[in-house]
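Below you'll find only one chain, the form predicted on its own, shown as structure tokens.
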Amino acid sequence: MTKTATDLHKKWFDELTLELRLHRVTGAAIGDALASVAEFIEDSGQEPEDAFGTPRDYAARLAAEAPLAPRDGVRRQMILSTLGLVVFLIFSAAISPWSNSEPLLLGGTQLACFALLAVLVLALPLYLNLLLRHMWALVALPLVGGAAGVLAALLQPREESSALLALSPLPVLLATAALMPMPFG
């Protein structure tokens, strides 16, 4: 692409690149598409939107014919990321009880908050397009996840009688500390 085409139409090219990535088009095919568009608009003098339509529509047309990147590893990556999150949450929940020589108490609400965080991570491929296209969703996700984490800490049972589980924190700390360096993500 020439500097002129890139500078004048950067937003359109950026949006096209994002849309093609969301359609799983390979990097080589994206490069070819961007070069073709840049050459065409340089030669014709047309605006990219006038010549090709919106980046979303053009990407959809290109994706129908372009080679797609394999999905291998996405599910595995999401599961490993979720496991890493759960290990970290359990580790952080066990630190305070261990330092105070108290049992690690886990309640139903706390476990529900942990489950919500796990679901948010596991379901990420289902709503990734929404996150990338809407700023409000990109802001809302960390707020919901953060609120669930804070609630899990605030709603931790204070007495064994109100806990679903009462565990010795040292074995939990040792097990989760051993798991944390593993390549979860």
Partner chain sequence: MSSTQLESWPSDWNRASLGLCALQALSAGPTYGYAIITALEQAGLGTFKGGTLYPLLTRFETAGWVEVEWRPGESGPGRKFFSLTSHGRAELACQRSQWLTFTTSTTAFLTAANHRGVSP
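Numbering follows the first chain given and starts at 1. This structure is a prediction, so every number in the text was calculated from the model and none was measured.
Absent from the display: the form predicted in complex with its partner chain. The rest refers to it.
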{"item": "In the predicted complex, Asp32 touching its partner chain (heavy atom, 4.5 Å)", "value": "yes"}
{"item": "Exercise: Leu62 in contact with its partner chain in the predicted complex, heavy atom 4.5 Å", "value": "yes"}
{"item": "Contact of Phe40 with its partner chain in the predicted complex (heavy atom, 4.5 Å)", "value": "yes"}
{"item": "Contact label in the predicted complex: Glu159 to its partner chain, heavy atom within 4.5 Å", "value": "no"}
{"item": "Candidate from Ala123, Ala69, Ala51, Leu130 lying within 4.5 Å of its partner chain in the predicted complex - any heavy atom", "value": "Ala51"}
{"item": "Heavy atom distance at most 4.5 Å to its partner chain in the predicted complex, all of Ser92, Trp98 and Gln110", "value": "no"}
{"item": "In the predicted complex, segment of 148-156, 112-120, 54-62, 133-141 with a heavy atom within 4.5 Å of its partner chain", "value": "54-62"}
